[in-house]
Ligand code: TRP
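Single chain ahead, by itself, as structure tokens, in the form predicted on its own.
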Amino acid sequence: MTETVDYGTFEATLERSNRLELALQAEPSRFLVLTGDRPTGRLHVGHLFGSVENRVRLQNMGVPIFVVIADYQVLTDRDYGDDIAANVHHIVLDYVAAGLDPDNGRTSIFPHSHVPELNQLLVPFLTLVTNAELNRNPTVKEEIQASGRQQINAGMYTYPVHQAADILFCKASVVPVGKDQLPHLELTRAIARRFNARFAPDRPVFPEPQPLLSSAPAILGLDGSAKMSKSRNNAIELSFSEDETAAHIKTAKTDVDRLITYDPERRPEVANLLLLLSLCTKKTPEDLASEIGDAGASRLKSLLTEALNEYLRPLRQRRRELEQEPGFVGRMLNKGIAQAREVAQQTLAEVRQAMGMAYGIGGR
């Protein structure tokens, strides 16, 4: 294994992503997207603006999409599992209320813990990477540091390889990512390349998935921290009531300057609220800041509360309707699991054949 993982330059990746976006618009059905989330809590507006709306956009363009709920990966940096079932339940409601449609024949939502064929890919994939590569992965380093743990389990180190199994089981050609996820995807591309070279040089099994970089801006937590997160109590969940939304926005951190300006570097908290308001109203943050002027943070928070509640009203109404449908979440997951397993069984059969492990015993 002499090849090293080349993370390349961000500029080159951005250029490829821009070309990929044009190709998706021209021939959406030619591609297959894999995307997803860890079920660590209910989805919030950071998820909505950062990734979910883009998934809905791609789906509506006609792109087939697998949405993985990465439940096993919750166990890599958390000691509990009691909330996973509830979190998965609420995430499915959030997804569908936001516009993902598992009944359209193109969109599948599934937890990877229920697709055993997918997880079987982890073993051969682990033979294609080195410990040094896993140690060097910058995203893993950041996640280990963020976990605050003194002892790190092996699942944390192999997280990128499991993610590769999530992506490659369905032979995804496109993975929407933020800049911080690029190292994981580059390792996936290396695994695909190495598997093909080692086991299937004449008939490659796996494509090398391409990153589709998100153009969505990062949403900070209401407390001004770097990330909106339920665990930090700084998030506006999609399932909040309008009163809960108002109460959370009221506590949002701002600063002492009464004149509202859009200055992300020097006034990140105020800029974050302006950004959220911009996403809801489709006006620029700069124009909104000018409109508010010296009316201060209270006026900014009032406008954001009104705009965000209006923006989320149809989603929340749809979510309430879905909650009243007996067995809805289970039906969606069963459908997605069946679709994912059908694809994963075929891929695993090809993998076994390529590795010389089919043995002529039939079945998948």
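For every residue, the number given is its place in the sequence shown, counted from 1. This structure is a prediction, so every number in the text was calculated from the model and none was measured.
A second form of this protein, the form predicted together with ligand TRP, is not displayed here; the remarks below concern that form.
With the partner omitted here, the residue from Ala252, Val175, Ala190, Ile260 that has a non-hydrogen atom within 4.5 angstroms of ligand TRP in the predicted complex is Val175.
This chain is displayed alone, yet in the predicted complex one of Ser108, Ser278, Asn137, Gln163 has a heavy atom within 4.5 Å of ligand TRP; that residue is Gln163.
Although ligand TRP is omitted here, in the predicted complex none of Thr127, Asn196 and Ala200 has a heavy atom within 4.5 Å of it. From the list 293-301, 66-74, 328-336, 309-317, the contact stretch for ligand TRP in the predicted complex under a 4.5 Å heavy atom rule is 66-74.
Although the partner is absent here, Gly36 lies within 4.5 Å of ligand TRP in the predicted complex, judged by heavy atoms.
In the predicted complex, none of the heavy atoms of Ser225 sits within 4.5 Å of a heavy atom of ligand TRP. Using a 4.5 Å cutoff between non-hydrogen atoms, Gln181 counts as a contact of ligand TRP in the predicted complex.
For the chain shown alone, Ile167 is a contact residue for ligand TRP in the predicted complex, at least one non-hydrogen atom being within 4.5 angstroms.
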